[in-house]
Each structure stands twice: as C-alpha cells, then as structure tokens.
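Next up: just one chain, as structure tokens, the form predicted alone.
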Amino acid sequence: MKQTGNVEQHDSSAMCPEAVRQGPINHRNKWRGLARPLILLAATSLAGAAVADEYHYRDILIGTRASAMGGAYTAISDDPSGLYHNPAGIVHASELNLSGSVNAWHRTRVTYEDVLGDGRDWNRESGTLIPNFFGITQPVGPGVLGFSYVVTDSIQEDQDQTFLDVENRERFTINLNDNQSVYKLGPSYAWQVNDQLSVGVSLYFHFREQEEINNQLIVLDAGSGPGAGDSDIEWRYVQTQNDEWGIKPVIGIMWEPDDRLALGASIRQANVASAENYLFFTCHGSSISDSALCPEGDIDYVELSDDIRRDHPVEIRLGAAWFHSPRFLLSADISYHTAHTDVVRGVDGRDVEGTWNIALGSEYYLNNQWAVRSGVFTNRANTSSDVVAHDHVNLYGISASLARFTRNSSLDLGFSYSRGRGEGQVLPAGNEPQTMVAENITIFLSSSYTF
C-alpha cells in the first residue's frame, strides 16, 4: 500500500480533547492532528461534495399562495403562511383559518460536467414528497394567535453509480446516501396597533438533521488490460452526521398607508442551543499510480465528534404589495442574509457571503371561483465566485398555480422551477473548477379552510 501524506500536522488535542479516535496501526500518531483538516478534504472531493442546499436560502418556497407568487409575500401574509413570512399580516385573518398541509414533491439535480472525462458527467439527484407546511390562525384576545409547522429544506439522495472504461480505470463506483432536513414549528401572535399598523412575532423551534455516507471504489488498470490480474484498488469512505436544535424568532411589521398599498418587513435568525457533529473517514490509495481518491495520503481511519454550534445569518425581508383592484394584485420582496462563518466546515470554517434575493408575484381572479398566480424569483449562492472552493451557482426561477374556491375552502395546484449554471469544486483541491448545472423543481397541492 502506498505510503504518502504530506499534510501539515495540527495539535487537535487542544481543539477537541478526547474527541478524536483513530486506527490502532502504525499511522495513528501521524494522523492524530488531522481530524479537522479532513473535514475540509472530505468536503472538497467527490467523496464529500456537499449538496448545493447549504449554499442557498430559497430552495423550497413556503405556503400555497406565497409559493405560486415566487415567495413575494412579506407585504401580504394574510393567511396561515404569513406566520412564517411576516406574522404581522395574520391580523387580517378574522376567522379560524386552517391551511392544510402543502404536499410538495421536491426534486433537485446537480450535474458536474465532464468530471470523468469528455462527455462524462457526474449527476446528483434527490426526490422527495414532503408535507412542508401546516398552519392555523384564530382570533384570541386583542389579536390573532397562530401555530405553524414548516419544512424549509429537504434532501434525500440514494445513488449507486458505476462508470466503466474510464481512462486508466476498469471501473469507478460511487455509492451515495444523503439525507438532510430543516424543520421549524411554533406559535405566533399578532395584533393591530391602529388601522394602518400591525406587528407580530413567531417563535420557532429550529431542528436540523443531516447524515451522509459516501463510498467510492476505483479499480485501476495497470496496463495489461481489464481482468489481467495486475490491477489495484483505491477506496475512500466518508460518513458525516450533523444534528442541531435551537430557536428562531421572527419579528414582523405591516404598514398600510392606504387601501391599495401595503408595506411589510420582517427579521429573523436561528440561534443554535445544541449541536452534535460526527465524522468518520478512511482512504487507501493505489500502489501503482498517483492516487485520485487519496491525494492527502493513506489514512486508516479518523473518527471525530464534537458539539461545535454553527452560526446562522440574520435575514431581513422587505416587501410591498399593490392591490390594483379586488381582482388583481402585484407584490415584490427583497431579502438579505448577512455574512457569517460556518465553523463546522473546513479547517478555519467556511466564509459565507452576504446574499441578496428578489421576488415578484401577481394574482388575478378570473371570477369568484378561480384565480391564477405567478411569480419570478432568485436563489443566489452564498459562496464566493472569486475562489471556487464550493459550488457557486446562482439560480433563477419561475412559479405559478391555479386555485379553485368554494364558500369556505380553496384547492391549489402549482409548481416552482429554478435553474442555474456556475462552477463547483467536486474534485480534490488543486484541480481546476468544474462547470456545473443545478435545477430545482417543486410541485405542490394544498387546501385551505375557513370556519
């Protein structure tokens, strides 16, 4: 087995005392300080390529009406989904209002072009059916009380891929299983200060779970041809798990200077109270050529666990809505997530850039029973475009729905779709960035009731 490994050593005992457990063989002391650097290595290679979702903030739009309008809902928020977008808006829910689960089929696809040679792309796909929103509002006391459950992100990848006849390789096999979701649930309350001004607050319990297992195997051809008996094997295995919980308050305000114009704003930030992070990593390179999977050298295994808590950005939303007539409505949102450092990623953490997004929406009632909605939105990456160490793809999307109303209920069918092209670093550090294409599509069906 090839003995390599010129990675700089660190004193991990000062960083994570008694947290690192390693293989009981001749490398154990040599690799004692490499646990944290290996997180970076795992995150910047095929074995540990992070999915795009942590690089964007608007992968799943929340709420039936809001989703169809591209998420431009901060200045409307007059149904249960307002509990999430801007709790001040629910003061207009004068009766018991129940928004049934928004059953959404959510699919993502990321393509890294020509990674395995000309015309040989590597695709990552996820598809899942999720009940991503449930909310209820009811007048209580001087204001309106609400409760909501929201799934703001969800990924489920289960891929088994084998590539044959790759240059100098008999076969290249990737087994990837990645599951991660972000949940929020909690109460809200809003009250009307006067005829034009209302305020509201939601207090969400925040929970995020993520687990990824990524296994890769390369069978190398030593030059005598496939099956000649002089081949060699490279193997790389990474398992990561990150769980966290905390609270996420949302504070909103709504101002309606006249009957046709509404302005809204909200501010929110998740604060993590507890976290558990786990990494298991092993890698064995080839003895007959330079290692593609283990450029950092052979590693019998490294096991790391810690309770480092991530910082989350402050999110500020500003919105405006123009009620042109009882049948026609226009809305616009602009949002900003502040820059911060993700301390769980990399040796020194990942610098997360401040990110702007915009959304535009419209609604038109064909008659008292039917309405059509549409929207456009951006979902820009929070990664740097100057030094591509992580996927950098700005997504641009459209959305639409058709709604059917009865006296006390409504039924909606709609979709949102976004796509972007950029660069990613799916190969080990030191390689040129790769061109990549990312797509998200969500189809939703939901119902609402008013009592």
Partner chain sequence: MGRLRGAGFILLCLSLLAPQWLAAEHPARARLHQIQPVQAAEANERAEIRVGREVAARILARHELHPDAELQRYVNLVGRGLSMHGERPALDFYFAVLDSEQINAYAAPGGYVFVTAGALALMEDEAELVGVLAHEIAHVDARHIVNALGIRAPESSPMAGLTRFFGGAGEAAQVFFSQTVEQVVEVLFEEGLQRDDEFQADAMAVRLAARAGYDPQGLSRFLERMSEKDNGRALDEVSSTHPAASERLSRLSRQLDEEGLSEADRQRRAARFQRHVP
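In this text the structure is predicted, and so the values were computed from the model without any measurement. Positions refer to the first chain, counted from 1.
What follows is about the form predicted in complex with the partner chain, which we do not show.
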* residue 301 within 4.5 Å of the partner chain in the predicted bound form, heavy atoms -> no
* Taking heavy atoms only, is residue 363 within 4.5 angstroms of the partner chain in the predicted bound form? -> yes
* To do: Give a yes or no for residue 253: in the predicted bound form, does one of its heavy atoms lie within 4.5 Å of a heavy atom belonging to the partner chain?
  => yes
* **residue 190, heavy atom within 4.5 angstroms of the partner chain in the predicted bound form** => no
* Can you pick the stretch from 350-358, 232-240, 375-383, 196-204 whose heavy atoms fall within 4.5 Å of the partner chain in the predicted bound form? -> 196-204
* Only one of 92, 284, 107, 171 has a non-hydrogen atom within 4.5 angstroms of the partner chain in the predicted bound form; which is it? -> 92
* Find the only residue in 247, 213, 318, 115 having a heavy atom within 4.5 Å of the partner chain in the predicted bound form. => 247
* **Residues in 312-336 close to the partner chain in the predicted bound form, defined by a heavy atom within 4.5 Å, in order** => 314, 323, 325, 326, 327, 328, 329
